[in-house]
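One chain comes next, on its own, written out as structure tokens in the form predicted on its own.
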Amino acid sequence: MSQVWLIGDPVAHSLSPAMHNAAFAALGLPHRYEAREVKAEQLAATLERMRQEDVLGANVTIPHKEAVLRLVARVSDEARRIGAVNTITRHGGLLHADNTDGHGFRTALAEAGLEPRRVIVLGAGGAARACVVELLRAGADVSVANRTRERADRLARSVEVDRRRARAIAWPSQHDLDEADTVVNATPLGLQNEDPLRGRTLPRAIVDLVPAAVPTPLVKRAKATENVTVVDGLSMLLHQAARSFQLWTGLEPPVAVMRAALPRPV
């Protein structure tokens, strides 16, 4: 039985094992998806174990998406452009890195019928990077806000699409939100019942990437607000996972099975 790992810290809350194991079972594949909590100082040793053991590959999540870039043999053009990795595929003793977050984000927006034009992305980690790349590709005007302004500045400087970049801003004021049509929450805020926009009037669309078993406070508030379109984290989780499944197995993913394994409809 080959394994697929989820590498991150924390990972206990992850919905990915149920989704991927349902997909493996549906196709009769003798594989097992396991979540593994990996501290930063354990990352290099964990990837070395992947090279030696019967492992198809891995998903990579917070906080390792950027660090993995320098620890693998090959990095896809997409992962290099984004500057982050969320999927590793093992080829013999070599690890190849890719990023399916952009695909998941793009597909989730399309399912909701969203075409954002003026967007604020909250966060500056790997998921935020993938979203910024996709939004710039679509021609959107993108601002990035992070609790640590230096990281927002670094993302804005390092990501370029067709000679266009995002701009770094402070945590959005009400004026910033009034000027935007969409906010993308690419931070972990929501996992512990936080609302990153508490007390602020929401724009016309909220995309919250937190893949929680129950709706986050931001998603609940947005759904209760008239004329606000909401995309929650399960949609992007599903579609990036389907693409990762295809990279590991070479097979068409059973998306309907994976969707049904999630704890609520998306």
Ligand code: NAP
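One rule holds for the numbers: they count along the sequence shown, beginning at 1. In this text the structure is predicted, and so the values were computed from the model without any measurement.
What comes next is about the form predicted together with the ligand, which does not appear here.
For the options Arg167, Arg118, Arg137, Arg147, the residue carrying a heavy atom within 4.5 angstroms of the ligand in the model of the complex is Arg147. For the options Val210, Val68, Ala222, Leu197, the one in contact with the ligand in the model of the complex, meaning a heavy atom within 4.5 Å, is Val210. Across the options 175-183, 158-166, 125-133, 73-81, residues that bring heavy atoms within 4.5 Å of the ligand in the model of the complex belong to 125-133. Taken together, the three residues Ile62, Arg151 and Thr187 all lie with some non-hydrogen atom within 4.5 angstroms of the ligand in the model of the complex. By the criterion of a heavy atom within 4.5 Å, Ala58 is excluded from the residues contacting the ligand in the model of the complex. Using a 4.5 angstroms limit between non-hydrogen atoms, Pro203 is distant from the ligand in the model of the complex. Although the partner is absent here, Val231 lies well away from the ligand in the model of the complex, with no heavy atom inside 4.5 Å. Shown alone here, Leu218 lies farther than 4.5 Å from the ligand in the model of the complex, counting heavy atoms only. Residues are counted as partner-facing when one of their heavy atoms sits within 4.5 Å of the ligand in the model of the complex; in 92-108 only Asp101 qualifies.
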